[in-house]
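Take a look at the structure tokens below, where one protein chain is shown in two forms, each on its own, as structure 1 and structure 2.
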Structure 1
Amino acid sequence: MDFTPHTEEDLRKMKMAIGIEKIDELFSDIPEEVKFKGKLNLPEGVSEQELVNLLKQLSQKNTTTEDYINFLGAGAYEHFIPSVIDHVISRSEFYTSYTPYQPEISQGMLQAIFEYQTMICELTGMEVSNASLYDGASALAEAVEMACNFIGNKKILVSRTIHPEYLQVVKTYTQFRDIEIIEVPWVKGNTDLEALIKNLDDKTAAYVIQYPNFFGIVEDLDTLQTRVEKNNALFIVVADPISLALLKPPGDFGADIVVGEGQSLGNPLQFGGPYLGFMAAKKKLIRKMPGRIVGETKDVNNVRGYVLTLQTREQHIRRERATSNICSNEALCALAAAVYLTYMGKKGLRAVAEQCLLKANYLYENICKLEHYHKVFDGPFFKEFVVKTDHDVEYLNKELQKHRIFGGLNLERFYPELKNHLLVCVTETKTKQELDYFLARLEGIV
């Protein structure tokens, strides 16, 4: 395929205007020694028809969540995606634009992001939100750095019940910054509150809890809030946005920064990306926030409009003194999230959350009645739960695969102490037949 427009006549005119005979002359400033001789060793170009067939074949080598019944979650969630979302984000005025540096011709994206920020504030119970970050994990890493900047300390307490890959990303981001990461252990699937309190001192910049946590358990932030004494450290919560239609928002428990993965809001699984990290915070932190922020203002005729604001925090103005290096974020994914939240609305999002909760609970109760599957953790859970099995998890999942089921995540992968433990996810997409089929197949494994 060829997406360039020039005819022979065009080329002749342009070369003449520039004063060259051959296009090669435009590259004469490149030293001969570094010029690439010959042809790049890549597959030859193809027609659109061939391209579509080629990629179709490649895509068909994958087994999809339509082919199998999927019980994998763990940070990437299979929720129903209403048709309107793809139609809206396929409006090419949105997806072929870039960062809205010129507000007069970018009011559409700016207003959509302003609305997105409002929705994120509403869900999290916070005062301000940015326009999105790369994903939940990098959003947490940014929140940790933001806390260190704001507080002036470099010690961070992180519960081991947060997504293990999030913890890995935090460690990667902070490894060259003298930031100390202290991992807080868990008991019965919940953050060990005593250990958290013991480690929390006046050198601590922030403490991090996931809500619901990686095991699906809704951590008791109420008790945590009453038990943790007043101190300077910031309270960072990693939250599941859909659960927040049902659960008390982290803001109500005194959270200072709330981050999380926004993929579940209308974005496909897509093998892990692109997703979007959301970040909301208390107002006092806004000037330390990373990324784009949209603000409302007036034009010369007093007409309401929107602009990128507080840009003096950002790399293109502040360079090495910026709050972060982030430039491109995940605007189109944030747009999808806003459309999803608009479609679901106040009542629909709660209904989705309720279905997740009730269906997950139905499966859990019934799995635990089976012979080789056991309850191990305490506390209420949202859409994911942990069971211990007498089977080897790898074997179990292989068996389930024969019945077109993607079983649960083998937790030993991240927690060596959790051998034979399975993390199972149930969203509103699962039917009674599917859950019963899964139960029957689990029971049938010997």
Structure 2
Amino acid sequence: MDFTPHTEEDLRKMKMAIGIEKIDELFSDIPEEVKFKGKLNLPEGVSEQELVNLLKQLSQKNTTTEDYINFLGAGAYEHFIPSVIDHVISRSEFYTSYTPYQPEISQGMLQAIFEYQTMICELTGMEVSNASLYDGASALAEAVEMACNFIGNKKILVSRTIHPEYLQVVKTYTQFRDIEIIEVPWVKGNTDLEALIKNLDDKTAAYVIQYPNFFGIVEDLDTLQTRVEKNNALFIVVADPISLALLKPPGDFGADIVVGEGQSLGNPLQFGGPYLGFMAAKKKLIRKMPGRIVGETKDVNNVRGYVLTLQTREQHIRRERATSNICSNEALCALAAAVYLTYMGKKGLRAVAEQCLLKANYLYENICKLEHYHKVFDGPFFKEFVVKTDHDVEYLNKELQKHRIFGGLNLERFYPELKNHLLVCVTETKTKQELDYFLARLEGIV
């Protein structure tokens, strides 16, 4: 809709309606000493055409994955998004809908969220799912607090192979709640299971592992399941939803809570957000889950319908019984994820995962044949892998950008011990020609 400014007559009528003479009277409660004095340093007004041209010029300063070949992942992934997704989520009844408190007028959104929850449970191998959270990092932080509330302990073991920014968010959430975060080291790219088991005791509320982990390696949850002695601690897994089309779901390894970032399910990179976090758990934990859960029911006419079954936040129940004050779910992003999963289906999602796996392995094997690049870890990986280079990684990435390529992540940023190590991501969007072009450019850098 085009912007139409208020006319002087509009302003006169509005002031008359609310009984004021000057606009300044609307701000009479603000103390004079804090009001801005003087004139704002703003340019003179321009025409609509001039403004549109200016905004276009500013937007062209950004370089996106539509302009460059992208090999950067690390938690935000470039996957193909079918056009049907934008078509559905752009419908007014979805795009403008708010929290579906009134089920009689919100059946469409409620059903979509219910279907989303169902598919998340199928992917993760869990029994219940909430309606989504803000992102993967906050979903993990909520899972940690959920475990502490359920078990009654305040010690959490977190593998250092989880996304470092997720760990930062967990620490932010827990720092004033006397929750102790123990970082479990890694060995050869995998969680050090001996260190994890050594620190696991009757004071532990939960232990956290990422699958595949931040280095892209598929953690050995099978061995972990057999090695961990029976205890009350909950097992929390941070999972990549695309990988679960191929990998054994965390629920089959005895996971109690599975969380992760759902951006890769039909949501674009969009400069870092909004994204959505997913959370699924065993049924015994349902009353400790944050956010909301949509359930299926029947109305007075025995017709199937959908309602908000659980809303465990402060605004809805007694404060002391609230599980979290997280206020909402990312409904539109969750809708996009539901449409993506429905459209792709089991076979389509598996095909995407297979493309990621095969193309990542092709690129990895060929990079390691180049003179200045070396293998680092031996474990199986999904769509991301680590290579060591004789080059400075920042210099390497700047050189790659000259050839319209976004290189991998400089791991030294998060792991000082991994100087000159590069985390490279390959998804189904990459063609063989692009992979070979990337290899040629890597080889040409001196």
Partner chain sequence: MKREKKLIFEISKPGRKSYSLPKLDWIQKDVSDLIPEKLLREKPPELPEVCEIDLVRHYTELSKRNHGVDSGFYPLGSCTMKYNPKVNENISRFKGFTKIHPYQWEETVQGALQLMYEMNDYLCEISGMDYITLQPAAGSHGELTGLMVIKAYLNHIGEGHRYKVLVPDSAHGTNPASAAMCGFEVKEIKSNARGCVDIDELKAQADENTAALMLTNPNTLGLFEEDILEISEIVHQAGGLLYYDGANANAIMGITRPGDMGFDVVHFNLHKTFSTPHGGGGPGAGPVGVKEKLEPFLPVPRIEKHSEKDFYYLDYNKPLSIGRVRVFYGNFGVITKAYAYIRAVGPEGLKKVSEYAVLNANYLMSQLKKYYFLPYDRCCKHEFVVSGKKQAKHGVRALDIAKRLIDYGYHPPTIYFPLIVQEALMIEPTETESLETLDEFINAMKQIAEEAEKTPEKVKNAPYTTVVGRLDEVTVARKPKTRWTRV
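In this text, the rigid core denotes the largest set of C-alpha atoms whose superposition between the two forms falls within 1.5 Å. Please read all numbers here as calculations on a predicted model, not as lab measurements. Numbering runs along the sequence of structure 1, starting at 1.
Enquirer: Return 1 or 2 according to which structure is the form predicted together with the partner chain.
Expert: Structure 1, which is the form predicted together with the partner chain, differs in this respect from structure 2.
Enquirer: Align on the rigid core first; then say whether the Cα of Asn62 has moved by at least 2 Å between the two structures.
Expert: Moves: no, less than 2 Å.
Enquirer: Cα of Asp10 displaced 2 Å or more between the two structures, core superposed?
Expert: Yes, the C-alpha position differs by at least 2 Å between the two structures.
Enquirer: With the core lined up, does the C-alpha of Pro416 move 2 Å or more between the two structures?
Expert: It does not reach a 2 Å shift.
Enquirer: Given the rigid core as reference frame, how large is the C-alpha shift of Glu25 between the two structures? Answer in angstrom.
Expert: Glu25 is displaced by 8.3 Å at its C-alpha.
Enquirer: Any chance you could measure the C-alpha shift of Asn53 between the two structures with the core superposed, in Å?
Expert: With the rigid core fitted, the alpha carbon of Asn53 is displaced 4.0 Å between the two structures.
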